[in-house]
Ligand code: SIN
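For reference, the chain that follows is the form predicted on its own, supplied as structure tokens.
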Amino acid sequence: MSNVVPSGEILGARIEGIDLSRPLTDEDFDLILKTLGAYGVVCFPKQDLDAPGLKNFASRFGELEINVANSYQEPGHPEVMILSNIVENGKPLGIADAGQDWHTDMSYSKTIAFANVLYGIKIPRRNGQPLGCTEFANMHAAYEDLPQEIKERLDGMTATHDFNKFWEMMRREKGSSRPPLTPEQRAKKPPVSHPVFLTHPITGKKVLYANPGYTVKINELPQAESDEILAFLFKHQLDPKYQYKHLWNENDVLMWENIGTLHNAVADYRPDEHRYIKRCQVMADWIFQSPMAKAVGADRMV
């Protein structure tokens, strides 16, 4: 019997009683979707998954993306990416600096992300406390609290999202060893536009769909005004009252929906404090056409 345990905070819930290594029942699939809509971030504790199992679970929710960087992938399963700071024989086992600032995955793609699915295999600890938490921000609440004049002003407007913005920020501000994107990589991920406000496909409510990681301009505004409003939106959406922090345990599967949340990977661990996580990225190729989305009037992105 599956059981939903809310965190009691602005986001987050735990679902107990589902073994993700087995095919999901329709009832559990529906429960997970509804829990994602209600709480944004869902933890499945004490799971035992191999890479195919993780991929099979994640793919139930949509097509899986293969990262444009095309590196640190599970052998034979390119949809499974390795996030790790472990180096063996001089070779990194995974990408060490993934997601280390506030953003929404895949907002830079024509088909945006629906969900992330991460499986924690090795979690760093210091004095018994887990490190490398993942922080989230609630974009349902951020939209609700916007001044009415901002809601009216931006209603129907679109914003440009650019993959290279976050990549270059990581290189510039985080001291990353990432090389610049090649022209071929840039060509695979050209800037795209999405509505500033999206109707969420599960809740049917509006969310603020802009983020400091990838959003570069509100298209219908002059550059100076766009810069000013985006600065306001970025500050507003990161107000601590909208934030929730997940503290990892080994064998957690953490799933969150990217349409109504932002996230940030906190890098508070040293190179000798090892972290090893496997990740799948679920695209929103299906969710906006789902019966659930049609029922709440969110069956198109624009």
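Computed from a prediction, not measured in an experiment: that's the story for all the values here. Residue numbers run from 1 along the displayed sequence.
There is another form of this protein, the form predicted together with ligand SIN, and it is not shown here; the text below is about that form.
Student: Go through 184 to 192, 215 to 223, 103 to 111, 149 to 157 and give me the stretch that gets within 4.5 Å of ligand SIN in the model of the complex, heavy atoms only.
Tutor: Comparing against ligand SIN in the model of the complex, the contact stretch is 103 to 111.
Student: Whether A98 contacts ligand SIN in the model of the complex should be assessed with a 4.5 Å heavy atom distance threshold; does it?
Tutor: Yes, contact at 4.5 Å.
Student: Does any part of A265 reach within 4.5 Å of ligand SIN in the model of the complex? Heavy atoms only, please.
Tutor: Output for A265 is yes: heavy atoms within 4.5 Å of ligand SIN.
Student: Should T203 be counted as a contact of ligand SIN in the model of the complex, where contact means heavy atoms within 4.5 Å?
Tutor: Taking the distances in the model of the complex, the answer for T203 is no, it never comes within 4.5 Å of ligand SIN.
Student: Answer for L83 alone: is it within 4.5 Å of ligand SIN in the model of the complex, judged on heavy atom distances?
Tutor: Yes, L83 lies within 4.5 Å of ligand SIN in the model of the complex.
Student: Sort through L208, A137, A115, L118 and report the residue having a heavy atom within 4.5 Å of ligand SIN in the model of the complex.
Tutor: Answer to the contact question: L118.
Student: Looking at ligand SIN in the model of the complex, which residues in 249 to 281 have at least one heavy atom within 4.5 Å of it?
Tutor: Result: W256, H263, A265, R275, R279.
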